[in-house]
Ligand code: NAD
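Here you get one chain, nothing else, as structure tokens; it is the form predicted on its own.
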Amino acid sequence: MKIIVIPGDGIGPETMSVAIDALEIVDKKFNLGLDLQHDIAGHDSLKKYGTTIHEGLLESVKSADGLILGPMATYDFKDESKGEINPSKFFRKSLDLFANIRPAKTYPGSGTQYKPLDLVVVRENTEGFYADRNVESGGSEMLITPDVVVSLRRITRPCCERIARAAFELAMTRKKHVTIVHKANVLRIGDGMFIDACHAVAREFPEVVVDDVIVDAMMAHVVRAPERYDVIVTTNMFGDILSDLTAELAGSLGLAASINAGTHYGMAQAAHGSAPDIAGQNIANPFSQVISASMLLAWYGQRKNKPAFIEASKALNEAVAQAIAAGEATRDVGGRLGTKETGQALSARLLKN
């Protein structure tokens, strides 16, 4: 399996280093034959090439079996004419990575004060309220007058159907329960189409229980009764916000892993930002990057029918859980170690298990 590795900005190089060490261990242990090829994007690329996405990078990623992208300083990149391209958006759009899968799971020992949960947010990734994904050229926010802005949202039935199918297929491997999250009481046409598309796909999965919840109510429900939910499917911006909440309820954004998947390509990416305020201080939680890499292995193993990759993914997940339970983690999840030391402890567990 050829994987392009891009460490990212801010805390990215620190957390990515831990993930790569862990991957190299399971590579040898499970005879995966990983080919990790390192490249750059974001600020490092901007300094070296004058653009955050250098020439040939997309072709390199397309020729690989997967991409691991570190956290990017997306807010810094505002003017594409100056080479300031948002790498996260670029890969999601260029590779048509329509499904952003974000699990949220409580780990014993993480110190969370909230109720236990084990759910997955399945977020549509290519349209919605995101202004940079709605029109062919430029953005879909318009400055009508100096004091008036109009923001457009794009919702299409094909995109609704394919994210719904991803959610129902995932639900079949879990508790067979899908919750549709929407705002159809206000966004009657767009979210109405989303709900209709989800129910149309649901008819292909008669074993799955389906319900739907308005997004603002859902924010309260996952705090009050997270055990009621398993797979949550929703549109782009709602999924972005909701998955940050569920990650924090699970213990920390430092556990917020994700995979961005499409029909042909997959990209592992921690769901948090680049956190420049703590970069270089050896305090960032690397587990979100590790679990994201684990998800990429499982995705590849399922697509290619290679059980060793799925077993390697399970080994990574189990080692992370054991490390958190033992306090061999960063402070945000009840541990006592720095980023580097957390990685060393994780590697020791992987070698011993």
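In this text, residue numbers run from 1 along the sequence as written. Being a predicted model, the structure only gives us computed values, none of them experimental.
Although not depicted, the form predicted in complex with this ligand is the subject of the following passage.
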Though this ligand is not shown, can you say which of Ile180, Ala171, Ala271, Val222 has a heavy atom within 4.5 Å of it in the predicted complex?
Ala271
Go through Leu187, Val210, Leu242, Leu253 and name the one with a heavy atom inside 4.5 Å of this ligand in the predicted complex.
Leu253
Do Met237 and this ligand come within 4.5 Å of each other in the predicted complex, heavy atoms counted?
no
Can Gly192 be called a contact residue for this ligand in the predicted complex at 4.5 Å between heavy atoms?
no
Any non-hydrogen atom of Gly83 within 4.5 angstroms of this ligand in the predicted complex:
no
Though only this chain appears here, would Pro276 touch this ligand in the predicted complex if you measure heavy atom gaps against 4.5 Å?
yes
In contact with this ligand in the predicted complex (heavy atoms, 4.5 Å), from 210 to 218, 151 to 159, 227 to 235, 71 to 79, is stretch 71 to 79
Going by this ligand in the predicted complex, which residues of 317 to 348 come within 4.5 Å of it through any heavy atom?
Asp332
